[in-house]
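For reference, the chain that follows is the form predicted alone, supplied as structure tokens.
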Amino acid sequence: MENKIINLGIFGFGCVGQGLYEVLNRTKGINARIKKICIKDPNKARPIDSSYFTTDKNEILEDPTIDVVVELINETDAAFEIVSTALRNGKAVVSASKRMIAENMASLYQLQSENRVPFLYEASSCASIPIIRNLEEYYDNDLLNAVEGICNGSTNYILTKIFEENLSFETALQQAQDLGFAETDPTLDIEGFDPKFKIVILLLHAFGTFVKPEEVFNFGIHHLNDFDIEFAKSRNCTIKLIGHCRRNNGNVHAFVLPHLVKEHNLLYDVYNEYNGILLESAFTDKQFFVGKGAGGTATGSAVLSDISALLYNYRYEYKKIKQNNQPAFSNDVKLKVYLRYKSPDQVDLTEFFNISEKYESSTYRYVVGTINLQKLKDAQWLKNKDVNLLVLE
């Protein structure tokens, strides 16, 4: 596609779609233009000319002059239908839909192979941080040990406001929603589903391992209370919601959990809507990436970077899959955790290998101990809003 103008067909014109429109118009040197934008509500007021818009998906999917389909909608099933149809029609696709990609990873990999067209989705993982491209190109050997970090800007913004400005959880959440960092229904963010979808995607590019989202344990910040916050501060720690995957003895494990983070940790100083990703490899030890992880122009810039890469016929090679030595996924790993609860009947402490610390008062109790990740994943007691969990470093 080099030296020709790419015609774009875009699905969705929300926060990211408008961000893409803005960065595309402010960027010189990328030969791409928007030909058509498919939206649901034709009567909604929008900041650009109505001639761009259609409600008929086939005006994009069946138009032979459209080279690249850009999928930026929130509906998982509809997004998968759009992307899979476009790939079958021989069109290159760029997407930001982390849930759709995570839930359909194997099928999307197959569709790319069968139809010999590129499917790029950098914006799905850490917005402005080019983590997938780095895992694909720079870390294309099998010496990567771990990928972990803050990959949800909404929850990091909330936690920053709680710890830096002493705001309540509710006030911080409302601010995140007002700024467009968090959705009206914040469940996917605050319960850790959004970063889990990203970790599923990163697992494939880091280790070549296909994992279904339901296999990965996620627990967010939705049970966090003042007692937990004071506990963290008493240990000179902050709290960060961290997605984590690590290779260990031929297996790889992954989870998304809130962590107590000490000051020496590089993730400690990742504030507001920023993301931070740590890579650990056999020869280079740790390397650290930081950048905006939420917001229209930050995500739009990642989408535009993928569009630009298509001008040079770039595609993911999925080298880790082709090396054919990918680790198996397992939840069999020990974690040191803080577990806060109200009454003994709310938790099952016999699940712990050991307990090194115990506290009881008239209002709250907690233990610090070691437990198996699979036990946590199976634990019904974490559904109780009076119970909270934090991983200790």
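From 1 onward, residues are counted along the sequence shown. None of these values were measured; they are calculated from a predicted model.
Only in words, not in the display: the form predicted in complex with a small molecule, which the text now covers.
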Contact residue in the predicted bound form, chosen from Asn218, Ser154, Ser301, Thr238 - any heavy atom within 4.5 Å of the small molecule: Ser154
So which of Glu183, Asp228, Glu136, Glu191 gets a non-hydrogen atom within 4.5 Å of the small molecule in the predicted bound form? Glu183
Is Leu87 part of the interface with the small molecule in the predicted bound form - any heavy atom within 4.5 Å? no
Tell me, yes or no, whether Gly149 is in contact with the small molecule in the predicted bound form, where a contact means a heavy atom of each within 4.5 Å. no
Report whether the minimum heavy atom distance between Gly243 and the small molecule in the predicted bound form is within 4.5 Å. no
At the 4.5 Å heavy atom threshold, is Ala294 in contact with the small molecule in the predicted bound form? yes
So which stretch, 253-261, 102-110, 206-214, 174-182, is the one near the small molecule in the predicted bound form (non-hydrogen atoms, 4.5 Å)? 174-182
